[in-house]
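Given as structure tokens, the chain that follows is alone and in the form predicted on its own.
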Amino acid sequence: MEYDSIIIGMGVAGISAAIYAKRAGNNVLMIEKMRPGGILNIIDNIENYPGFKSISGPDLSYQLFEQVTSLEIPYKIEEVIDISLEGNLKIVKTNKATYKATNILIATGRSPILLGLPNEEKLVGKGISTCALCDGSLYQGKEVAVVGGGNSALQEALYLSKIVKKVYLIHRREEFRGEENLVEKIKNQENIEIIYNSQVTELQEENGVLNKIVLNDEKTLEISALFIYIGYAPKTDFAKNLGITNPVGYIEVNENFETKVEGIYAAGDIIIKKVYQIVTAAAEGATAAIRFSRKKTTNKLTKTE
């Protein structure tokens, strides 16, 4: 089946775009690899999104998904593995099927970056996590560590401090990069110990499960889990053949969120920009959808004339 627009990714940017596209009369399809909401599903608490004094990431995901279903926007839970061009059409190949559209919006977001230590990947799910909301309850009453200095690390350390016995917050610099109100909360939380100017250099395990970490000053911490929040990488491998990504995978767009390939748009955390926030992602998705919807209307008027 051929669509007016295919939106890849059902995070904030993608769902925002789908709402605007559907309301503008587009025949739209959404494709998501995992579950609607994207990275929202691993965020404990959101306090800076308009309309909500405080809301959990999963709750906001659910409300966004309810809008998708109420508008009867079709979606597929499939993994996009390739995008190719066929004249004015874009061919989207997934692990299950192939779809065609005049316009594509890429809004796949980012995934957490790991530390790059030798035995790290095999310990994911065995003491190493990138989601405190998902795994924090497994370590109730135990000692854990969080690595990072941005908002995500601070928020998740605070969340964990309500569940575990103690949180070691490890940051490679002297000052945090996160918001000042979060920093103050961290400093006032009795069971959070801040370790500045430090990096994890070694992961030790017992019976295939993480039990100790070694820092660059050779200090050893006995912990039950290590939560990593050192940054994110864009999920754009499937689009690299289009020549729209920079060397690290981010997509360059103009003010209308168009890439250099006509009919291919990008929004959210995968684009090159200065501010990575939920509210900006929503605006970017809406702007892109308005742009390709207006183009569709203009093209129809031109053909009629």
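So that there is no doubt, residue numbering starts at 1 and follows the sequence shown. Keep in mind it's a predicted model, so treat the numbers as computed, not measured.
Quick note: we don't show the form predicted in complex with a small molecule, though the next part is all about it.
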key: 4.5 Å heavy atom contact, K166 and the small molecule in the model of the complex   = no
query = Heavy atoms within 4.5 Å of the small molecule in the model of the complex: does R172 have any?
reply = yes
ask   = Are any of the heavy atoms in Y62 no more than 4.5 Å from a heavy atom of the small molecule in the model of the complex?
value = no
request  = Give a yes or no for L115: in the model of the complex, does one of its heavy atoms lie within 4.5 Å of a heavy atom belonging to the small molecule?
outcome  = yes
key: Listed residue (Q199, N191, S111, N119) with a non-hydrogen atom within 4.5 angstroms of the small molecule in the model of the complex   = Q199
remark   = Checking S224, T94, T130, N151 against the small molecule in the model of the complex, the residue with a non-hydrogen atom inside 4.5 angstroms turns out to be N151
ask   = Since the chain is shown here on its own, which stretch among 101-109, 174-182, 209-217, 72-80 would lie within 4.5 Å of the small molecule in the model of the complex, judged by heavy atoms?
value = 174-182
